[in-house]
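Subsequent text provides structure tokens for two forms of one protein chain, presented individually as structure 1 and structure 2.
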Structure 1
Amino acid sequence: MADRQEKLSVAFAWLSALLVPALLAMVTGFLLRRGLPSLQVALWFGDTPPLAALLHGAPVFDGIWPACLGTLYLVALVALMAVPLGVASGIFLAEYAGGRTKLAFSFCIELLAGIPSILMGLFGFALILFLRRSFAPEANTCLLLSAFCLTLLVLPYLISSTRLAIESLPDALRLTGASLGLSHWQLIRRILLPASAPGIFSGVILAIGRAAEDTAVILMTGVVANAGTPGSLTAKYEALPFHIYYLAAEYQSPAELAQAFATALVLLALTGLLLLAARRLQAGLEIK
């Protein structure tokens, strides 16, 4: 009886493990079938000559090139704001906070992680209304506001991954630092952080993926159709997730719907490249 239950458990585990790549293959195959015929130069640049757009910054109105740049700018801004703050907060929780302080901060992080993305977008929109009525009547939704709201959305991943990566290190590392006469900060900077870097990068990978694909937050905080390449942090912008949503909701012909599927393929590829780059960095840290 026990042997039979073990075989059933192993079979169920194998089926569960195979289900994820099977579903991924199905979704990818569907997108390839519907979107691959539209993956042409016109999808990227419309009627604008590619060299003029790439080298001279010519405006692109009928292609996804501005949306690709907007997505990259958005992810870069989120990383610049979220990674230092998230890592520093994780270090504080793992090494400095204790007792009720640690419980209170942990509760706040869990609460922040449970906030739906649409509420974070509404928070950004309400923040602009508050600024307009208070002391900045020119305030408007923009690229910087979207990056700020997405930073709040992905911070729990970074804080939790940093905290767990540091707390899971063996006590022998801390004893080694103490035996060398290192101060607490020197122990963290020279021993704990390098040893926990692969785990911290796991949170960075999750944050990059979430920032690149989220639609609800940017929908309320600055993304618009046909905005072009953002000229500044306070400008409107385009992004691939919103472009897909806009085409799928407002398409006027089968060709436009096919462009939405092709754009989804581009977003999938872009997110995959970003995650692959983060994984390569993580693997390099693990080797060291």
Structure 2
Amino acid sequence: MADRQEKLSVAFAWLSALLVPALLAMVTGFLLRRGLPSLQVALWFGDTPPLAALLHGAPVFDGIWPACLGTLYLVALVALMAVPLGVASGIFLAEYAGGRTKLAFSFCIELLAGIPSILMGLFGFALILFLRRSFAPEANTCLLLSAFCLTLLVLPYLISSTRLAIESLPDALRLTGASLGLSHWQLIRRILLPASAPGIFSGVILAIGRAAEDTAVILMTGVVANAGTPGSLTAKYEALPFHIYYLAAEYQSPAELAQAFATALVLLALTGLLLLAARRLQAGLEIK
């Protein structure tokens, strides 16, 4: 009886274990088959000469270059806002907070981590409604708003990865620093932060990947299909994940659909590379 249970379990484990790589292969295979033929220079720049677009900012009409730029700006803005805030909060929780403060802050941040991304978008949307009703009647959804909402989305990842990286350092490091007469802040700044840098960086990279791939937040906070290259912080913009979503729903021709698949390949490569970079940093950490 027990023997049969064992055999059944092993069989089921094999089944699920085979299914996972099969699914992954199916998804990438499908994307490659449908998207690879369109993965050419024209995918990025359409009919505009690439150099003109890159150097002189010539407008690109049916390429994904504006969407690439939009995602790049978005990610840069998010990094600018989220990294200092997240890392600082992580340091505070790991090194300074104690007792009730620590409990309360951790609870709030855990909660923030669990909030669906669409609610971050809704928050941004509500913020604009609020601003319009109060002191900025012409406020509208824009690049900056999206970046702000995405910051809320990735903040908990940054905080917990920073906190974990610092808290898992050996006690000996702390004692050494203290025995040399370093103040608490000097100890953090000169010893703990450098030693936990790989862990913190890998958290930053994963957070950037999360910001680059999210669609639900930007959907509600300013992304549009044909904005061209983003002109300012308060302008509408295009982004890669939204481009895919938009084409999947509204494609007019097989060529546009093929572009959607090619764009998906580009985005997949981007997030895959970010994951790889983060893993490398972590692996380096484990060897030390």
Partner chain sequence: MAARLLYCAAAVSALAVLAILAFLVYFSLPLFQGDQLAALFSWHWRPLQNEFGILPMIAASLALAVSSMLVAYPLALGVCCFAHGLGPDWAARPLLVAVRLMSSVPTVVYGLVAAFSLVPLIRGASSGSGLCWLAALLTLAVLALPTIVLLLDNQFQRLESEIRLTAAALGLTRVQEMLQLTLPLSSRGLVMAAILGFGRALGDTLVPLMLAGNAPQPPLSLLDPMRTLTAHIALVVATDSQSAAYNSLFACGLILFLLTVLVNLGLRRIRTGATAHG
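Along the sequence of structure 1, residues get numbers from 1 upward. The model shown is predicted, which means the values in this text are computed figures rather than measured ones. Take the two forms, find the largest set of C-alpha atoms that superpose within 1.5 Å, and that set is the rigid core.
Taken from the structure described as the form predicted together with its partner chain is structure 2, whereas structure 1 is drawn from elsewhere.
Assignment of C-alpha atoms to the better-fitting of two rigid parts between structure 1 and structure 2 separates A58 from P21.
Fitting C-alpha atoms of each rigid part between structure 1 and structure 2 shows the smaller part swung round by 15° relative to the larger.
Aligning the rigid core leaves the CA of A17 displaced by 7.6 Å between structure 1 and structure 2. Relative to the superposed core, L8 has its Cα moved 10.8 Å between structure 1 and structure 2.
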